[in-house]
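There is one chain below, alone, in structure tokens, taken in the form predicted alone.
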């Protein structure tokens, strides 16, 4: 039995890792025993336990995709100015915890001097989440992390301050599959033309049944072109999602002219006060214009600041729109309502169970 206990723990290759071995001792000792928490200033979380212990957590923004030098810099700061404990949130914020209040201000100054803005708590614009983009994904039509960097440069003041009605989650997705998730404001790629097929390469590269099965609207079928096995697209069914491109690169859908960016609003994963909601498109056809994407930034700020100036306290973007109505939303933001906002695809179900709430 003693031998079994001395065996090292095998790494878990899937699922959520165990947070306790790397958690600050004060957090670990008081897990589930918190009396209350507050925010002394933007970017700082203060927890007080029923045992009387206190802990302060400083949250700092990063460039989202971090190199080894950046991670080492953050770890050096955690060792020198804090208690040596650091964690990363799902939006790649760095959180460093201390049990001594006198360490909070020196830690903040060290982070800011190293180029890491402190903020992202409470009613602010949090770090933008994004898909893998060109780093790992096999389907991207744009550089999602680049859009994040450009937008966060524009919204830096809204990250380090808490002056929104509620938290604002912004997401970006490099393709229309949208694994970036539902966001209060989301920037997604928008293909406007079906894929162009390189028929002479399909038979050598693509497993045609897999490509046919991959299409969510059954718009792809086998074909023979110039005497060779190939594929064809029923353009009346195609929704230009790009799902066929990963299993069959000769079905190229990325296009410098016809692949645009669109902005969606009102998405929400939370079940805190109501059911989750899908975001809905409000701006279409924006140019995919790296490296700064100025047209996208302009529209995002227009939506964001209209929400900030007109929503009630604690309202998320979707809740604000639901209260005032879509007509009023388009009037207040000055966005044009076009044919692209009309849902005319009949393949969707009439109702989707988008809630984790039990219904009988």
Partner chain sequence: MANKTYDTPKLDELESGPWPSFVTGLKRLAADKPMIAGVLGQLEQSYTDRKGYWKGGTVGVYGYGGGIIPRFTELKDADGEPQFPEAQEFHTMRFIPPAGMHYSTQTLRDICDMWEKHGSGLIALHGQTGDIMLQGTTADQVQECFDEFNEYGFDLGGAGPAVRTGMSCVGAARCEHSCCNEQKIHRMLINNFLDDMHRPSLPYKFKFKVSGCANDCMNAIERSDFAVIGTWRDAIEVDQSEVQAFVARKGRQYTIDNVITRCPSGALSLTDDDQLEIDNSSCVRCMHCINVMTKALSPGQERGVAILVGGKRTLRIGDLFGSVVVPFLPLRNHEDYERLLEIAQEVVDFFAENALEHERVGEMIERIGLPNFLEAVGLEVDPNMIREPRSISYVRMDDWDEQAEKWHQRQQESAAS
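The structure presented is a predicted model; accordingly, all values stated were derived computationally and were not measured. Positions refer to the first chain, counted from 1.
One more form of this protein should be noted, the form predicted together with its partner chain, which is absent from this view; the next part is about it.
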### Task
Examine residue 22 and determine whether its closest non-hydrogen atom to its partner chain in the predicted complex is within 4.5 angstroms.
yes
### Message
Check residue 53 for me: does it contact its partner chain in the predicted complex (non-hydrogen atoms, 4.5 angstroms)?
### Response
no
### Message
Considering non-hydrogen atoms and a 4.5 Å limit, does its partner chain approach residue 227 in the predicted complex?
### Response
no
### Task
Would you please decide whether residue 333 lies within 4.5 angstroms of its partner chain in the predicted complex, comparing each non-hydrogen atom pair?
no
### Message
Counting any non-hydrogen atom inside 4.5 Å, which residue from 150, 104, 99, 240 sits next to its partner chain in the predicted complex?
### Response
150
### Message
Quick check on this chain: which one of 202, 78, 185, 220 has a heavy atom within 4.5 Å of its partner chain in the predicted complex?
### Response
78
### Query
Relative to its partner chain in the predicted complex, which residues of 60 to 95 have a heavy atom no more than 4.5 Å away?
61, 62, 63, 64, 65, 66, 67, 68, 69, 70, 71, 72, 75, 76, 78, 79, 84, 85, 86, 87, 88, 89, 90, 92, 95
